[in-house]
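Just one chain is shown here, as C-alpha cells, and it is the form predicted alone.
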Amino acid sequence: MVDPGSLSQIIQFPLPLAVLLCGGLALPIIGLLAERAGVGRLREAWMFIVTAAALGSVYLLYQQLKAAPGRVLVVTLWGQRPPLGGCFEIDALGIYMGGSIAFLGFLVALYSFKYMERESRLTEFYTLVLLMMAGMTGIALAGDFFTLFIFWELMGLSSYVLVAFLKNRWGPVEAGFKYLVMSATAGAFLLLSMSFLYGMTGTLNFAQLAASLHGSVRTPWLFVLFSALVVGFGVKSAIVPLHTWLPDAHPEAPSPISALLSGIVIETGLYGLTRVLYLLFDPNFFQLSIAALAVLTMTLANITALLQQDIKRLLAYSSIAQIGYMLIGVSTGTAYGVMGVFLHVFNHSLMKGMAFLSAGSIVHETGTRDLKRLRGVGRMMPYTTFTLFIALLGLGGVPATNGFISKFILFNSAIGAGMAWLAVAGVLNSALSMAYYLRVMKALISTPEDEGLKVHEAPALMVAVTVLMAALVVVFGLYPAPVISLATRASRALVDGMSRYIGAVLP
C-alpha cells in the first residue's frame, strides 16, 4: 500500500499510452475485418475513436495531476520499484507533451481520411501512425533512460516506414533509408551515453541520475557524455549540422506524415534533449554550447530556405529554423526560457502542422510541389491558401498569431539571461524568414502562367481541419493565457520542481 499523502502515486499504466498501443495493435485485425466485410470506413472509424480517446485520456491524466498540485505520478513496470526497475514518472511536462502529441495526431488523422483514400495499404498506414504516436507518448512519460530508449526506437521504426510509405517512387525510399541510417547512428550515441551514465551512477532512472550528477564537478567524461547526448537527440531534432536527413524526408513523406514529423516528432527529440540536460547538468555547463547551436541552426536553415523552389522542402528548412529558435530558450537555463520552448512546441505543432497540411492539399490537387508551377493556384483554392497564409504569418512571428507570443517570450528570455546578442540573432533570423514566406504567398496569388490551369478546392474535410487550426493560431495569438499557464507549469516541473521529482521516486 502507498501512503495517500506521499508525493508519489502508483497507478497501473499510463492511460494515453495504453490506448494508443492497444489501438495500434488492434488495427490490423480491424482492417482485415473491414476488408472481409466490405466496410470501407471501419478503419477510419477506429482511427477516429483511438485518437479521440488518446486525447481524452491525456485530459483525464491532467485532471488527476491537477487535483494534487506538485505531485508526480509513478507507474511501475512488472512490479519493480524504481530506481532499479523501469517506470514512468508523469509530471506536468510529460502531460503537456502528451497532450500536444495527441492533439496534433487527432487532427492529422481527420485530415488523412480524405487525403489517403486514393492509396492502398491504409491499414498499414494507420497502424504505423498510432504506433508512432505511442512511441512519442512513451518518450514524454518515461521515467528512466531504458524506457525512453524503447519508445524512442518505436517512434523511429514507425517513422522510417512512413517516410518511405509511397514506395512506388524512388524519392521516398531513398529519403527513408537516409533517415534510417542517420537515426540509427544517433541511437548508437544514445546507447553510448546510457553506458556512460550507468557506469558513473549504477542506474538509468532519471530521478536518481539527477540526484547523483546534477551540479557535480566538471570532468572530461561529463563533456564526452554531453557530446553523446547532443548527437543522439540532435539528429532527431534536426539540429545543424545533424539535420541533413530532414529536407529529404519531410517533402517525400505523405503530407499528413510531414505534418507529424515537422509538427511534433522533431520536437519530441528536442523534449528528450531538454529533459536530460536539465536533469543531469547545471545550466552553466551547456549554456554557451546550446546558444551557439541555436544561432547556427536558425541561420543556416533560413538562408538555405531562401534557395528552395519545392514548397515542402522550403517548409522543411523552416522547421529546422524553428528548432533553432527553441534552442534559444533551452540555452537560457531559466524556467521562463524553458516555458518559451514548450509554448513554441505547441504553437509550432499547430502552425507547421497546418502549413504542411495546407501545402499537402495544394499538392494533392495540382500534383506538383514546384512554386513556379503553383503560380496563381491560390486564386482557385482560396480557403486552403488562406490557411497556409495564416500558418506562414504565424511562423514568421507576426502579431495576432500564436507564433508571435512564443517568439517574444523566447527572445525576451535570452535578454533576461544576459544574452542579448542571442535575442538579436533570433529577431534578425525571424525577419529573414519572412522573405521566403512572402515569396510563397506572392507565388500563390500571382497571375497563373498557364492560362488553362484548372484546380479545384480541396475536399471539405481537409479544408475544415486546416481552417480549425488557423482559427486556433489566431485565438491563441490573441488570448494565449491558457496555453501559457500550461507551459509555465510544465517548465517549472522541470526547472524548479527537481526536488519534488526526485523525492517522488526516492522518498
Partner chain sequence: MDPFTPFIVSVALLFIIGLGCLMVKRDMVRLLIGIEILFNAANLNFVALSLQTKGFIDPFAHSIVMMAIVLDGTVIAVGLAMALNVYKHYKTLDIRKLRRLKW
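A quick note: this is a predicted structure, and the numbers were derived from the prediction, not measured. Numbering follows the first chain given and starts at 1.
Keep in mind that the form predicted in complex with its partner chain is missing from the display, and what follows is about it.
With respect to its partner chain in the predicted complex, the three residues Gly187, Met194 and Glu252 uniformly fall within 4.5 angstroms at the level of their nearest heavy atom. The contact with its partner chain in the predicted complex, taken as any heavy atom within 4.5 Å, belongs to Phe149 out of Phe149, Phe106, Phe226, Phe404. Between the options Leu180, Leu222, Leu432, Val363, the residue in contact with its partner chain in the predicted complex by a heavy atom within 4.5 angstroms is Leu180. Its partner chain is not drawn, but in the predicted complex it has a heavy atom within 4.5 Å of Gly199.
Using a 4.5 angstroms threshold between heavy atoms, Arg313 counts as touching its partner chain in the predicted complex. The shortest heavy atom separation between Leu110 and its partner chain in the predicted complex exceeds 4.5 Å. Its partner chain is not shown here, and in the predicted complex it never comes within 4.5 Å of any heavy atom of His214. With the partner omitted here, the stretch from 325-333, 383-391, 422-430, 166-174 that lies within 4.5 Å of its partner chain by heavy atoms in the predicted complex is 166-174.
In the predicted complex, Asp248 is the single residue of 227-251 with at least one heavy atom within 4.5 Å of its partner chain.
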